[in-house]
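As a starting point, one isolated chain is supplied in structure tokens, in the form predicted alone.
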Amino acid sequence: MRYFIGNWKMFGVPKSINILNKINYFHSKDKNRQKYKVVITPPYTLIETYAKYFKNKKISIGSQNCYQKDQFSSNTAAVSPFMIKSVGAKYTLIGHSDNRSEGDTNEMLKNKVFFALKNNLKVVFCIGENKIQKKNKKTFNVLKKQLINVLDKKFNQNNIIVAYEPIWSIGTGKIPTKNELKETTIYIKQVLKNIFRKKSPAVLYGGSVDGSNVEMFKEIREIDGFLIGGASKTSKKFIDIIKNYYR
């Protein structure tokens, strides 16, 4: 099973549901539809209406983050995994580089993953190195630390997906070479096997994915799908990625 996960970031109002309608229509007619899952993570403001609308359809709705405590607390503007789940979300991103740069620590991330799993959310855990770390050949070292400091063998690995998003690639149009990406994905899966003591969860790639470069990724069998940023905000670009992947 492949995943095409759209991260809308700070984008979307109620009528943006039209974008999802077009994606859903495409999916319902696509001969390859059994081979992949579509997940969209809109802002918190849209989760409930979108999740209700797509309840019996093929698109799953997730959140872009969650707070590191469960149920209710006195933290202003915080949204817990329990609250996200209660409005119909099925997935949550955790550890996106945007949130790490805003202060998410490994300890906070571990709590987020723990409480998200406890509330039966599927976790898309984001990891990635920056430009300087890549230049200094620290990529593997950085990724390993991000994984082992947060993920725990006690966690339900069936509800965990890992998304490799090199920070230097997000929104820049720069992507790793085919060999780099293949080696990195194999390495991530090896680290995950060591953590969980059995097979690795799915590993996705994210960072400047679009309809024109997705064919290159198709050749890397180790990649289980994509976390898509900018290109998920229009139905045409998102659909083009899926079409060209299965071409």
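If you're wondering where the values come from, they're calculated on a predicted model, not measured in any experiment. In case it trips you up, residue 1 is the first one in the sequence shown, and so on.
In what follows, reference is made to the form predicted in complex with 2-phosphoglycolic acid (PGA), a form of this protein that is not presented.
Open item on the list: When the contact criterion is heavy atoms within 4.5 Å, does residue 165 count as touching 2-phosphoglycolic acid (PGA) in the predicted bound form?
Closed with: Yes.
- [ ] Determine whether any heavy atom of residue 171 comes within 4.5 Å of a heavy atom of 2-phosphoglycolic acid (PGA) in the predicted bound form, and answer yes or no.
- [x] Heavy-atom contact with 2-phosphoglycolic acid (PGA) at 4.5 Å: present for residue 171.
Open item on the list: Even though the partner isn't displayed, in the predicted bound form is residue 236 close enough to 2-phosphoglycolic acid (PGA), meaning a heavy atom within 4.5 Å?
Closed with: Result no; residue 236 lies far from 2-phosphoglycolic acid (PGA) in the predicted bound form.
Open item on the list: Please determine whether residue 229 contacts 2-phosphoglycolic acid (PGA) in the predicted bound form, using a 4.5 Å cut-off between heavy atoms.
Closed with: Looking in the predicted bound form, residue contacts with 2-phosphoglycolic acid (PGA) include residue 229, since a heavy atom lies within 4.5 Å.
Task: Candidate from 208, 68, 184, 64 lying within 4.5 Å of 2-phosphoglycolic acid (PGA) in the predicted bound form - any heavy atom - done: Exactly one listed residue reaches within 4.5 Å, namely 208.
Task: Contact segment among 27-35, 47-55, 217-225, 200-208, judged by heavy atoms lying within 4.5 Å of 2-phosphoglycolic acid (PGA) in the predicted bound form - done: Stretch 200-208 is the one.
Task: 2-phosphoglycolic acid (PGA) in the predicted bound form - contacting residues of 93-123, heavy atom within 4.5 Å - done: Read in sequence order, the lone residue that approaches 2-phosphoglycolic acid (PGA) (within 4.5 Å, in the predicted bound form) is 96.
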